[in-house]
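Taking the form predicted on its own, here's one chain by itself in structure tokens.
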Amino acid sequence: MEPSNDVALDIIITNVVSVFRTRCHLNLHTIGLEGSNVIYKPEMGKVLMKLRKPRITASIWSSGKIICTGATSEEEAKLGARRLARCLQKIGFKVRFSDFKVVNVLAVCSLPFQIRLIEFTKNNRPIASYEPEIHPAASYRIKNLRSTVQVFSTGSITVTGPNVQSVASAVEQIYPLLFECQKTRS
């Protein structure tokens, strides 16, 4: 059986992590008192701020560095980051939106077949590793894309990479390897 080129896999992006700077010092106590949907964590030295649309959670540090998690696309991450900067401006800080960067993308994909993990790991030795006592998935690292693929025996895969393009490329690259190791239906 050959892997057919017309197989369409749905890659669902579940989380996009981005970071940006405000280029000004932020008083966390003021944000905690005057901001909406905030949780002030003085023991960690940060404030958590949540947005409803797009659904994003941001970790805000006094240095002006902000990490946003929870977006489902790169565009949504940028829109959410800009909305956070606007919220901080309304509180009274001289925020300038700068150095925006998507740092991590997490996606899931379901294959139409199950996988023999031991055979997959043996075929792709130094790159793939499988420790069933530690984790139920086999790990496959793609260095040139800076991506990691977690392969489960059910045919479900989780892909982590620096951007959406590298995640899609990782799925394209690993699909033929997984197709060789599919379980036969009995």
Partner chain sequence: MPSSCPECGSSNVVEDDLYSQRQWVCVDCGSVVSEGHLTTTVSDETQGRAVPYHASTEVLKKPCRNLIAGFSRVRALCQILGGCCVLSVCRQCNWPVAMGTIGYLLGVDNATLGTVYREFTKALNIEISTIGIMDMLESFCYDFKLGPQQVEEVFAEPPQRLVDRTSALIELAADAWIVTGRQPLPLLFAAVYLAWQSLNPTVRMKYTFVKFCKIGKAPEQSWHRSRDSVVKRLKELRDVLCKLGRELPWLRGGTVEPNTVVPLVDDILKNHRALLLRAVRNYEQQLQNESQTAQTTECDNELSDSNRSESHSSTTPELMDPDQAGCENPADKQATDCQLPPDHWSKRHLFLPPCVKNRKRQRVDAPQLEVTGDEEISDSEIESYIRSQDEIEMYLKVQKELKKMA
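Residue numbers count along the first chain shown, from 1. From a predicted model like this one, the values you see are computed outputs, not experimental measurements.
What comes next is about the form predicted in complex with the partner chain, which is not displayed.
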query: All of 35, 110 and 114 with a heavy atom within 4.5 Å of the partner chain in the model of the complex; finding: yes
query: 4.5 Å heavy atom contact, residue 55 to the partner chain in the model of the complex; finding: yes
query: Distance check, residue 41 to the partner chain in the model of the complex, heavy atom within 4.5 Å; finding: no
query: Contact label in the model of the complex: residue 49 to the partner chain, heavy atom within 4.5 Å; finding: yes
query: Non-hydrogen atom contact residue 70 with the partner chain in the model of the complex at 4.5 angstroms; finding: yes
query: Sequence-ordered list of residues in 86-122 near the partner chain in the model of the complex, where near means a heavy atom within 4.5 Å; finding: 86, 87, 90, 91, 110, 111, 112, 113, 114, 118, 121
